[in-house]
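Presented as structure tokens, the chain that follows is alone, the form predicted alone.
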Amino acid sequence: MEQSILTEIKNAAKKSLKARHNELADTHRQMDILNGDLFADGELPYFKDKIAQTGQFPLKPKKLEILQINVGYMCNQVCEHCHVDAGPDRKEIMTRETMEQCLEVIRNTGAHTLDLTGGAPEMNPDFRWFVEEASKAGIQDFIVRSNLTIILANKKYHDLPDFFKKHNVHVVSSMPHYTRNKTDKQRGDGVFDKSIQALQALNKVGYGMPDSDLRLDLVYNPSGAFLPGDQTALEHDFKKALKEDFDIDFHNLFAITNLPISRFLDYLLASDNYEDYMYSLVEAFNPSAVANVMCTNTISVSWDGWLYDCDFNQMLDLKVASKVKHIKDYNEEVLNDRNIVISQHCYGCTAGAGSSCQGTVA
């Protein structure tokens, strides 16, 4: 039964939820589900009530460390569990004008990490210009989140490994599994082989090598309605398999929990796993993970310049609870005085060892 549902989802997922006019393309509908009977009837506690029990509500930011900028939702892939609902049919792209506003913030921010994401950020027509300009700002850690296959998608992207190297970019790449079947199941047919070729190309220019300063990290997220295993053990398995089978090296593996939003929420509902998954998240709640969730040290900027506490809130259109809501009005001091906007999806970041764009947090 579940296999037939997964096949239907896979066939449908050749387009984004938005292009399919799926009801979950409406963030209000997603919020209705997240605030629905499971929580409204008291079966499970609201996230705000759960963290209040440990004296952690309201959730407040700490020192800003990471400025995460989404330069557009366009992507060459349409992955099953994508929380961005990215794909080739998404036309939301950051303009150079908004990039200029971001650059002004980057030059003056107290953050030590700049994290560019998408979609496939490389598909933004001003991506290279933005990287060149941003790299002059002296940011300590300059991350680009790449899906790997973009490197092989078109001739104009083939030199990305050299471009990344020139600007000392820290490459963080999605890799659902070290086997073909599990990767292609989540990301599409042929993605595994292209990802392997891309990793080999990055290794060739020095990325991921044991003594190299050219950082190459991988991101793992589960392929179904379950929580990730131990990050250290997963990293060991990935390193062993990729080295033995393909002579690939990388530095670290980040294990990320799938949050119940967007396409993963669509999968949970279609496969009748939503309630069980929410129970799993709530039962795995770890109060020590709350203190270090990424929204406490990150500001997320959308393609059109709006500010959010994290990338997941951005996809639910939950803007920061501050009078400063757009990059053009950016004021770090004012933003640091806000309360962080939370909802039931936040259980995904506090389950087990916790989860963030940088992996586990507890």
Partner chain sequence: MANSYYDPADLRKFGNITEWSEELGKKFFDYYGKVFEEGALSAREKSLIALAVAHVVKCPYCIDAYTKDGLQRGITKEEMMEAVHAGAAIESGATLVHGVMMMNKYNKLSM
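Only a predicted model underlies this, so the values are computations on that prediction, with no experimental measurement involved. Residue numbers count along the first chain shown, from 1.
Quick note: we don't show the form predicted together with its partner chain, though the next part is all about it.
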| query | finding |
| --- | --- |
| Of Phe264, Phe250, Phe130, Tyr220, the one that lies within 4.5 Å of its partner chain in the predicted complex (heavy atoms) | Tyr220 |
| Proximity to its partner chain in the predicted complex, single hit among Asp126, Asp193, Asp237, Asp159 (heavy atom within 4.5 Å) | Asp237 |
| Asn181, heavy atom within 4.5 angstroms of its partner chain in the predicted complex | yes |
| Its partner chain contact in the predicted complex: Ala241, any heavy atom under 4.5 Å | no |
| Contact label in the predicted complex: Pro228 to its partner chain, heavy atom within 4.5 Å | yes |
| 4.5 Å heavy atom contact, Ser280 and its partner chain in the predicted complex | yes |
| Among 74-82, 208-216, 111-119, 270-278, the region lying within 4.5 Å of its partner chain in the predicted complex by heavy atom distance | 270-278 |
